[in-house]
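Read the single chain below, which is given as structure tokens and is the form predicted alone.
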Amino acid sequence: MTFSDTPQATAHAKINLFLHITGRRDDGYHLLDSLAVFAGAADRITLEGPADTMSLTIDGPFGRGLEADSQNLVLRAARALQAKAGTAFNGLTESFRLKLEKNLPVSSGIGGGSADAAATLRLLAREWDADQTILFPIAEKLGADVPVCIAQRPARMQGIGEILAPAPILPDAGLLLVNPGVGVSTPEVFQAFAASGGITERPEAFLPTRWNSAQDMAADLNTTTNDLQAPALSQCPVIGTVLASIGSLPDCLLARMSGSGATCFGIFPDPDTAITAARILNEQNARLGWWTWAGGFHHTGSST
């Protein structure tokens, strides 16, 4: 058993650079094809204890209103791994007081809850010396975005999110995230997607082995789309305002929505350009109180 003074893990925002809906299983789950990358913006999970039982407290800028109950993905992940690891290691799995510092907007299309659950699995596996291979079966049952958030590395997602393949090597591009402060219901977006005609036939998206520049990456991504963007717009029109604002910024190469929204992103030639663009956007929209983050891609994998 290993312990650190303040065991903690970061849960980085997951961005869908494109998202195609390619089919639907008999059980109702949609099949997808997506390129997921990670941003420097992140929540944080901290362990305190050991304790008598698993518990959770939530703070941070976006912690208000979140329930630290048995349905929270962090507690579900912790208890699922505790049950699995306890069986494997003869019950030698202590409980902890978990603390979630919520820095990412909620219900925003950047996998915040999924990233939190994945960070919890990584952190507890480290504390219990559990075999990392047991994390993925648990992650698959928690949600479509949880498996890709385990490693926090760029990946191509297929199936219902459980089929992961290497992503192209990314350039040193800039990334701007913008959320208008409006939560979007993923089930309602999928309902709107179905009502608008649903799945359309298309060839599989082509991705190279690497992109040498942000311009090359944006050119290829412009041949793709986010199939949920239009239905999300029908539910949340301010997404259109956000996209137009990002697209009008100097040197923006691509503006698109991530996941089921409402967070949108812009791709820029380099991180400094993205940071400058964020400053301009914040000055233009100060009264709106939009959440923004700017910088480069997170490349370092599942750091804790």
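Computed from a predicted model, the values in this text were never measured in an experiment. Numbering starts at 1 and runs along the sequence shown.
Form predicted together with a small molecule: not shown, discussed below.
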Decide whether residue 113 counts as a contact residue for the small molecule in the predicted complex under a heavy atom distance cut-off of 4.5 Å.
-> yes
Please check if residue 106 has a heavy atom lying within 4.5 Å of any heavy atom of the small molecule in the predicted complex.
-> yes
Find out whether any non-hydrogen atom of residue 102 is located within 4.5 angstroms of the small molecule in the predicted complex, and reply yes or no.
-> yes
Is residue 186 close to the small molecule in the predicted complex, meaning a heavy atom pair under 4.5 Å apart or at it?
-> yes
Partner contact check in the predicted complex: of 215 to 223, 114 to 122, 166 to 174, 129 to 137, the stretch with a heavy atom within 4.5 Å of the small molecule is 114 to 122
Assert contact residue (the small molecule, in the predicted complex, non-hydrogen atom within 4.5 Å, options 200, 71, 196, 209) equals 71
The one option of 275, 51, 238, 66 with any heavy atom within 4.5 Å of the small molecule in the predicted complex is 66
